[in-house]
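Take a look at this single chain in structure tokens; it is the form predicted alone.
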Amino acid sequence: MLQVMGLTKRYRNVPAVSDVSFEVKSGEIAVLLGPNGAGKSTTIKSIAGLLRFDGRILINGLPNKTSEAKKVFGYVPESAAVYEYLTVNEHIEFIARAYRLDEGYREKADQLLKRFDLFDKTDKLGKDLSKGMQQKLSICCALIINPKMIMFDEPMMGLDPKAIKELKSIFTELRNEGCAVLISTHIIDSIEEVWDKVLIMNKGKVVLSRTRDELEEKAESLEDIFFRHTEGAPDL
């Protein structure tokens, strides 16, 4: 569902990522791990279509910057992207119109707003929401489009324990629905029980790709392999 092939990005001739390749299949939860300066943010922004890059990125077999690919792609950025002067409800309606969703979106939206304790806050403006509430709204907006591929960048940041529990349940539901899920984080414990594949980045490259089964077969922990492949990484 997501294919990253030979992704290379340079800033003033300094490589941020170099020849990065990986894929996330439908019904798979992949986790992108790496220390500061490893290239995670550049990779995430490239997939989201926010940067120019060399290489190819396909979503559902289509170039990631095409409108057809964007229709099936959900993205939850690290910093919630909300409009200050739109209400919670207006955010939902804006996304529904932008993606030309049918009337069924309203039921799904209401369910999500209830799960994230936003249903009684639909008239609140974006600027009046706490950081945690803005993050919850950002998650709801990404989910109502029923994405075939969705990407989360540090999704647990600012969330309360109940919201974190709901989000972990949603990860599993998305997998069961056949959605490809990519989660970028540096908090290993936050995703320990949900991932299927781990991608470890260091110094602009994917230095390790392993499935959960492969790690369990070798009796290795995610934490152990992370530090083994990233110790000594620069903090850029």
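We number the residues from 1 along the sequence you see. Fair warning: this is a prediction, and the values are worked out from it, not measured in the lab.
Although it is not shown, the form predicted in complex with a small molecule is what the next lines describe.
Screening Ala38, Ile59, Ile200, Cys179 for any heavy atom within 4.5 Å of the small molecule in the predicted complex leaves a single hit, Ala38. Note on the interface: of 41-49, 192-200, 166-174, 64-72, the segment with non-hydrogen atoms within 4.5 angstroms of the small molecule in the predicted complex is 41-49.
Taking non-hydrogen atoms only, Val24 never approaches the small molecule to within 4.5 angstroms in the predicted complex. By the criterion of a heavy atom within 4.5 Å, Val20 is excluded from the residues contacting the small molecule in the predicted complex.
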